[in-house]
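Take a look at this one chain, the form predicted on its own, written out in structure tokens.
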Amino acid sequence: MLKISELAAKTGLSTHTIRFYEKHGLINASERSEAGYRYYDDVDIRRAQFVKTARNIGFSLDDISQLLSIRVDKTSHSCQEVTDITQYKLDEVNARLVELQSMQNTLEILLESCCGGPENATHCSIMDALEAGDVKSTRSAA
């Protein structure tokens, strides 16, 4: 059995992150001492590593929760369910890449239009474009 600090060291997750995942039901301590210390066994370690891996490749907490449900009872779920979750995540990533590419192109255009000299920014083309709202991007203003 490991304490939370030992689980953190073993998985590379911070204790704060482990508590956050516990709060969201993704990880649970197998036992608690009378003093309230969390103790984790090998099953908990593997679950924490699963969560970390899934999170590192971009799955949301909801995605991970679904994947954990499938992981616990694989015989009641299909590969198609896992594929659907993964495909949805890939579609999100691809959409974000398109958005980032558009942002990159816009920033490059802005930089090409500016002399970048030492003079004051009174007639800076980047500032003018930003102030005029004359900047194209797929990202909407927050």
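Position 1 is the first residue in the sequence shown; the rest follow in order. The structure displayed is predicted, hence computed values, not measured ones.
A second form of this protein, the form predicted together with a further copy of the same chain, is not displayed here; the remarks below concern that form.
The closest non-hydrogen atom of residue 65 lies beyond 4.5 Å of a further copy of the same chain in the predicted complex. a further copy of the same chain is not drawn, but in the predicted complex it has no heavy atom within 4.5 Å of residue 27. Heavy atoms of residue 121 reach within 4.5 Å of a further copy of the same chain in the predicted complex, making it an interface residue. Within 4.5 Å of some heavy atom of a further copy of the same chain in the predicted complex lies at least one heavy atom of residue 117. Contacts with a further copy of the same chain in the predicted complex, taken as any heavy atom within 4.5 Å, map within 79 to 93 to 79, 80, 82, 83, 86, 87, 89, 90, 93.
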